[in-house]
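The data below hold one chain only, encoded as structure tokens and taken in the form predicted alone.
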Amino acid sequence: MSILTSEIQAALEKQAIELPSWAFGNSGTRFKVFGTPGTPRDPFEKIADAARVHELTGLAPSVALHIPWDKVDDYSALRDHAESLGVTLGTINSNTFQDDEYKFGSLTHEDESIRRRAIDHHLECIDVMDATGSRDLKIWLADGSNYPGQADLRGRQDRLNDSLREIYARLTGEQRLVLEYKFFEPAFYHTDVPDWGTSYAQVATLGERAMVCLDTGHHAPGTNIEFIVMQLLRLGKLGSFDFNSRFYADDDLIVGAADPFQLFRILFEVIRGGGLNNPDVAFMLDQCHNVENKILGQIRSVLNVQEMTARALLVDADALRAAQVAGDVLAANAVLMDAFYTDVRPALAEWREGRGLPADPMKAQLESGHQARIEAERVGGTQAGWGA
């Protein structure tokens, strides 16, 4: 009998993890971006690569776009292309961190004309959402300062709120605004949205369709991320995840690579708080693949999330609660550790085969010849990337 009960299998069946289009382009560090054969040359080819991940894993039915990196003349055509490949277009991510005008801020800038430009960019992103059928507008800001006294900290918060209010007012129907946070970089003295509390304080003033995005790499060393997950779920304001791993700073590495146990603990709190397969809590990857194959990197990533979800679903909640009430510290910890150390990979492989998927999606991709085909087809043109 499989260790994955029918209830666990039903939960895994519903799991969906959105892929970032930019993970398939050339991206890396501030020092170097390495080009690779077969890298997509446009958003249509990025979506084709994302669809390949979904074809092999059954886990990635949607693709997030980044504007302007994924600008096209006809978003309806892009949407039709995605749907023809079995995926949909998801979150629209704005970009106010690569233009010279935003050197001293975007939505928080002192200059009203620059602030207007940043707001208008977000309104344009909502126009894209209208065309693609996307629900979420995700905002990450590089805004901040590098030196004490450089900026009016309170004034920037006020201007940010004014800007967000105008953007939020443009949303229609089920569309949402999701505000990400990052505690440093590229601003090193202060960041305008450095933590979950600031993000929450801002979105709480906007309305029920304004939420917080939690990027797992955007925290100081030693931060208890699962506590933040619990709190945002408790407050009804956890709108989405950006899953990745970090070793020193915001490394955007394959999720689960640095600390699989942390990913397990996060997913346990997601399950405990009712966030798993909850349409109001979107799972997304936010990763860059600078030295590894991009399609394989995304396959490995979604499989890592699936594996740690399966382990978290194995936690004996009744035994855990009994130990907590009894004050039995070691027994409570053992319940979590027993689930974490359970090797669910063979059971997941068998379950995938039962669904008509490869038992080992990584091996299936490597042996398929798919990478060689796209390398041959994508000769010439300009490879997609963010140009660092």
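Since we're looking at a predicted model, the values are computed, not measured. Don't overthink the numbering: it's just position in the shown sequence, from 1.
Here the subject shifts to the form predicted together with a further copy of the same chain, a form of this protein not shown in this document.
Only one of 112-120, 260-268, 127-135, 83-91 lies within 4.5 Å of a further copy of the same chain in the predicted complex by heavy atoms, and it is 260-268. Between a further copy of the same chain and the residues 318, 100, 174, 74, the one pair within 4.5 Å by heavy atoms in the predicted complex involves 100. Only one of the listed residues (38, 361, 28, 58) places a non-hydrogen atom within 4.5 angstroms of a further copy of the same chain in the predicted complex, and that residue is 28. The candidate spot formed by 196, 336 and 345 is fully in contact with a further copy of the same chain in the predicted complex: every one of the three has a heavy atom within 4.5 Å. Not displayed here, a further copy of the same chain is approached by residue 234 to within 4.5 Å at the level of heavy atoms in the predicted complex. Contact annotation: residue 48 falls outside 4.5 Å of a further copy of the same chain in the predicted complex, judged by heavy atom distances.
At least one heavy atom of residue 34 is located within 4.5 Å of a further copy of the same chain in the predicted complex.
Contact between residue 221 and a further copy of the same chain in the predicted complex is found at the 4.5 Å heavy atom cutoff. Residues of 235-249 lying near a further copy of the same chain in the predicted complex, listed in sequence order, are 235, 247, 248, 249, the criterion being any heavy atom within 4.5 Å.
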